[in-house]
Each structure stands twice: as structure tokens, then as C-alpha cells.
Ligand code: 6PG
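Quick heads-up: it's one chain on its own, the form predicted on its own, in C-alpha cells.
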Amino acid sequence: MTGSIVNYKIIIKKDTIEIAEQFSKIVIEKIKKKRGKFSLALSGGSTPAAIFKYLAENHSSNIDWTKVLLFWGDERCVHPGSDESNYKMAYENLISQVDLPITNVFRIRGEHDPVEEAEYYSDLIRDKIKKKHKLPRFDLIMLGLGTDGHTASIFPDQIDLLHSDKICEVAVHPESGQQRITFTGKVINNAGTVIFLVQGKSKSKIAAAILNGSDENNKYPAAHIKPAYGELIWLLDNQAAAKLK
């Protein structure tokens, strides 16, 4: 990927509430500045769940939700009613709590055939998201960080997904064997802003390995997320940041 990161920040906050406050501040500012629709790709996990709940409770009326287009950076191949569904978590904590038009919500249909759905979702993104540098350019992509260094559903044993020319691919969880649909690395790295959300003591070792620039960096998919012509923000709590230099 050519180009360079326009802006790179590491922000450390005390706890979940402060992370939610900071994330909300960033998103609100960007939505207000954006002319037209604002494309936001969500992630799953406990930290995003807390952020969605915070947004719904504190910013249901001061965000123009009609401007927001919601997508997902990855999804488990499960029914939307499953407790494992990233869509279900976002629906319960955010979508159903704010005035967001359902026509602005574009979920990955995890109950469908994974290969066919990856192609369908890729076509949907091509149709809805404007391109820059010949790739869809999301305004903001949320990402988590696994203790193995994975992000979205790009795992260390499938690191080739970082370099795929497709928009979405089918990934397989290395331990459970569960199939997932994920954005590829090129799409993530073409976003206007990418925000990693990292919390907890269990994430401190991998966060340090990536952000301190360890010799093993290349084997961690998250270390390859460096948005070309975009902004990269790592938003961590004190426990996750404990081993940073």
C-alpha cells in the first residue's frame, strides 16, 4: 500500500466510560464535519457494546443519525438472533435506541452461505460507498484487537487476507473453526479513520508488541493496519497500555 498515514495517535484513558466518551467525541465531530452521509463500520466485542450503549444514552438527540450509514467490518456466520452476532449486539445497544433509519443499516447476513454473502456484501459496499484510490473509502472503521494479534476476522494464520484484492473474504477462526466474513486489509487501510479499541490486562502484551515495534510485529495482522492517506487512532485503557514504552 502506497501513501503514508496522515495522522497517528495513541490515546490512553482510565476505563470503559472514558474510552466511550473519547470515541463519542471523535465520532460526533466527524459526523458534523461530513457533508452528506457518514459511513461507519462497526466491530463486535464488549468494548464496542459499552460504546454503543453510551452513545444511545448520551447522544441520541445531538447526532443526526439520518446521516449515518452502518456497516460491519466482520461478522460470525450465525443467525442475526444469535448471541454471537455482532449485528444483534449493535441492534440491542444502539440501533434500536436511536432514530437511525433501518434503510441506513447494512448488516452482513451471517445466516447465508458464507462465500455468496462475502460476494453480496462486497457488491453492496461497491454500490453504497464512494471510492478513493480504486477502493471503497469508509469514513470510520472500528477495530478490536485479539490476544493473538488478529483484528476484524483476519487471523495470523490467514494473514494473506491483508493483501486480498477482494473487499470481503471468508475467514475461519483458527480454534473453533467457525466461519466469518471480514473486510480485507486493503479496504481497512483505505479508510479515512481507523480506531482500535483495546481494553484490559489481557491485551497489554499484544498491544505492547505491536505499538513498541517488536521483532515479531509482522506476524500480527493488527500491526499491518496503517491507513494510507488516513488517520490511525489507538484508544486504550490503562490496563491495556500498561506495557507500552
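Numbering starts at 1 and runs along the sequence shown. Please read all numbers here as calculations on a predicted model, not as lab measurements.
Absent from the display: the form predicted in complex with 6-phosphogluconic acid (6PG). The rest refers to it.
Only one of these stretches, 73-81, 162-170, 97-105, 129-137, has heavy atoms within 4.5 Å of 6-phosphogluconic acid (6PG) in the predicted complex; which one is it? Residues of 73-81 come within 4.5 Å of the partner.
Honest question, do 45, 86 and 144 all end up within 4.5 Å of 6-phosphogluconic acid (6PG) in the predicted complex by heavy atom distance? Contact check passed for all of 45, 86 and 144.
May I ask you to check whether residue 186 falls inside a 4.5 Å heavy atom distance of 6-phosphogluconic acid (6PG) in the predicted complex? Looking in the predicted complex, residue contacts with 6-phosphogluconic acid (6PG) do not include residue 186, since no heavy atom lies within 4.5 Å.
May I ask you to list the residues of 197-219 that have any heavy atom within 4.5 angstroms of 6-phosphogluconic acid (6PG) in the predicted complex, in sequence order? The one in contact is 203.
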